[in-house]
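In structure tokens, the next block holds one chain alone, the form predicted on its own.
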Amino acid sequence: MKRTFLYDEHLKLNAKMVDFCGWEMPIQYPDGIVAEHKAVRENCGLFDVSHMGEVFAEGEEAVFFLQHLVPQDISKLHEGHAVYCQMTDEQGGIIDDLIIYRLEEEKFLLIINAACIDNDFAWIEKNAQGYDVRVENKSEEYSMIALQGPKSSDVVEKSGIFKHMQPKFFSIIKTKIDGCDVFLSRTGYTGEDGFEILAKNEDISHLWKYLMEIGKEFSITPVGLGARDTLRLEAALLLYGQDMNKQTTPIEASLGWSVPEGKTADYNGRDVILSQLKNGVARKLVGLVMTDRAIPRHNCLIYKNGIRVGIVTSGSISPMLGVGIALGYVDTSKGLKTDDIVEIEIRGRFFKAKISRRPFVHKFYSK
């Protein structure tokens, strides 16, 4: 099992460690998942996300290559900015979801999911053939921590990066924090304002300890995978492998907003995806809020008038709302719409839920 370069720091903080995609990672610290979750919503939290993958693409035809790799229009991505997108296969299925940063005119950084690194890079290399572009998997060289919450900007300012110098939402800068070279991006997976800090492995432990120290004034809290999951679910942010996979297209996953219809460049699965944008899909991802007291979980079945109409992909109790929430796919032929009542089968019993708008908790991103 792999360990991040922050493993010893987690042990010092008495974290409960678990196997996550082949990595030994903290699922929670002694205060517990709910306390960590609320700390991020109210103050700020620090996450170890070093298991994520980093791939660099550079060259004269880097843009053309990325245009073929993802449905998003990378030609419109300005230097120093980022975009959320998906890598799709020839059938429009999602191989992974990722963030692409344009570091320089011809240099890009792709942040990919931990469980997908090897398969993703093999796919990236395959698709790079024929383009004047160099792709490098540098996941073994870099570590990443995420500083999230309404006071995260205050912590970064205390590190010496004044607020007017900090990157805007979905932007990235190359800078220093306490003498360490970092990429500082204003991105995250919580629905709150925050930053992701990418640094060389040898610097990450120092950065973690430094941020934990200067963040005391702002009630900084270490946060594990448990709260990371409840935070992203409240924000209705999808998890690859649960809410989407190769059998799911971006349109089915309700990610049509990330697929520009006017993009002229060809990409994997373009015909399927554009057809679905025009003609609709047989199933779609929706949000669900329990009206009965129960907690929905992955793979629970969804019913309407005794007929199965869908399946839950992610579910939990919402620490901020105090009710069960879920994401799931429903059959579009049933005509279900927002505020309709359905039933979710949980351990052999049926509990009522309402189809809900997303996100479940309002997102507080920086402008």
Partner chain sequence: MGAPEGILCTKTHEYVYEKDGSYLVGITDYAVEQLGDIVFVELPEVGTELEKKEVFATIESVKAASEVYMPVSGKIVEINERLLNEPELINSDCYEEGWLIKVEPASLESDLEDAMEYEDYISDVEE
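Positions refer to the first chain, counted from 1. Since this is a predicted model, take the numbers as computed values, not measurements.
The form predicted in complex with the partner chain is left out here; the points below concern that form.
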Checked Arg134, Lys176, Arg293, Lys76 for heavy atoms within 4.5 Å of the partner chain in the predicted complex; positive is Arg293
Please identify the residue among Ala35, Leu301, Met320, Leu336 with any heavy atom within 4.5 Å of the partner chain in the predicted complex.
Ala35
Report the stretch among 222-230, 111-119, 270-278, 148-156 that approaches the partner chain in the predicted complex to within 4.5 Å, counting heavy atoms only.
222-230
Heavy atom of Lys12 within 4.5 Å of the partner chain in the predicted complex:
no
So in the predicted complex, is the partner chain close enough to Ile311 to count as touching (4.5 Å, heavy atoms)?
no
Contact test in the predicted complex: Lys16 vs the partner chain, heavy atoms, 4.5 Å
yes
Is Thr332 close enough to the partner chain in the predicted complex to count, meaning some heavy atom within 4.5 Å?
no
